[in-house]
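Single chain ahead, written as structure tokens, the form predicted alone.
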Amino acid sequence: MDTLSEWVINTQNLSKTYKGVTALKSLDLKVPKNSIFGFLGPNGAGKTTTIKLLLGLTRPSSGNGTVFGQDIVQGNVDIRKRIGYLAQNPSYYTYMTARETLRFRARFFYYGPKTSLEERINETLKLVGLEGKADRPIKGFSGGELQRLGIAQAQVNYPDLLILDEPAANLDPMGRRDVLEVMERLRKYATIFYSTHILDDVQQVSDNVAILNHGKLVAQAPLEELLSNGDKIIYSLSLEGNTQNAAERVAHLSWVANLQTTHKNGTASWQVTVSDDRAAKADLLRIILGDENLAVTDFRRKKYELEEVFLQIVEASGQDLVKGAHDG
């Protein structure tokens, strides 16, 4: 997949320094076509700086990048014609209606019959679920409705790439749900590249993920691959009774790489890391239940959550940065 045409966004050693402070360091980012790409990182990690570079709002200090195969500096005008952008804190003329807002926005991009323009506006309002409030002043809109209107503004010119900066930030659960549903509907029309710190949202809708920390790219992979956590297979168990003999038997199995046990309020919790998942599925529970002195109250293959993997990656990368600074 390394052919240029496969990547909507492709950067090489892209860097940005402000007054001697490095905001982004040697970014090699690849965003595939027709994906929902989650761009993650703690506050100050360099996410917004990256977006500004891709949009041509600031120039790189070094390195380069392309969007649609065009250089982000030299081809910026042509690139912008094919991008829809939602800023983190969009502002509106609150006395205008949603329809008037989209009409105002669309006129910057559309030159054709008025009837076609109105059709496009109606389609976009329906796409984001605002057709029922199209002619109300947006002054009374909820936070979620304002964000959906922002996505509508970004989408009204039918872009090939949508760049959304924290589209669900500061929204209540219902507002976040509505924004995610809109993003899901938009995936068949455009590649969606969005920055966020809400990891649960990423796990719901994204198929590719990149993680920044202190301006440096520390992970980039399809979401499922990232959640496999290096193919480490762990079974979690809760047991009651005398577990000592069972623990010794399990720890000595050839396909058990590690057994961690904790005890609380008469219940033992096990984390069993295995090298052979087929053997674990077939035999692990059976071997444990062979001991009549204990009962298994919970048994499951551990599923990694993005938050857990994200924290591991960010903490590890932070330690590497500190070590590198000391070594230097």
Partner chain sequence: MAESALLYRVHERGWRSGMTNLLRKENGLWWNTRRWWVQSIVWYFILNGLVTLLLWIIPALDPGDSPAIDEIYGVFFQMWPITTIGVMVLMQSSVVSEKQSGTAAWIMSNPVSRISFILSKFIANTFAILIILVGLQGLIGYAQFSLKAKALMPMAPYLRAFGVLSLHLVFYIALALMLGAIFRGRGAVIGISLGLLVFQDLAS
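Between two forms, the rigid core is the largest collection of C-alphas that superpose within 1.5 Å. Numbering follows the first chain given and starts at 1. Predicted model, so just to flag it, every value in this text is computed and none were measured.
In what follows, reference is made to the form predicted in complex with its partner chain, a form of this protein that is not presented.
**Student:** Please run the contact check for A152 against its partner chain in the model of the complex: heavy atoms, 4.5 angstroms, yes or no?
**Tutor:** Heavy-atom contact with its partner chain at 4.5 Å: absent for A152.
**Student:** Determine whether any heavy atom of M174 comes within 4.5 Å of a heavy atom of its partner chain in the model of the complex, and answer yes or no.
**Tutor:** Looking in the model of the complex, residue contacts with its partner chain do not include M174, since no heavy atom lies within 4.5 Å.
**Student:** Residue-level contact is defined here as any heavy atom of the residue lying within 4.5 Å of its partner chain in the model of the complex; does L161 satisfy this criterion?
**Tutor:** It does not: once its partner chain is placed as it appears in the model of the complex, L161 has no heavy atom within 4.5 Å of it.
**Student:** Closest heavy atom of K216 to its partner chain in the model of the complex, within 4.5 Å or not?
**Tutor:** The answer is no: K216 has no heavy atom within 4.5 Å of its partner chain.
**Student:** Only one of I211, V128, L186, A168 has a non-hydrogen atom within 4.5 angstroms of its partner chain in the model of the complex; which is it?
**Tutor:** So the residue touching its partner chain in the model of the complex, by this definition, is L186.
**Student:** So which of S206, T101, T243, S195 gets a non-hydrogen atom within 4.5 Å of its partner chain in the model of the complex?
**Tutor:** Selected option: T101.
**Student:** Okay, which stretch from 248-256, 235-243, 218-226, 85-93 lines its partner chain in the model of the complex, with non-hydrogen atoms inside 4.5 Å?
**Tutor:** Of the options given, it is 85-93.
**Student:** Within 4.5 Å of its partner chain in the model of the complex, counting any non-hydrogen atom, which residues from 237-275 show up?
**Tutor:** Nothing in this stretch is in contact.
**Student:** Superposing on the rigid core, is the CA of K126 displaced by 2 Å or more between the shown form and the other one?
**Tutor:** Indeed, K126 is displaced by 2 Å or more.
**Student:** Is Y92 among the residues whose Cα moves by 2 Å or more between the shown form and the other one after superposition of the rigid core?
**Tutor:** Comparing the forms between the shown form and the other one, which are aligned on their rigid core, Y92 does shift its C-alpha by 2 Å or more.
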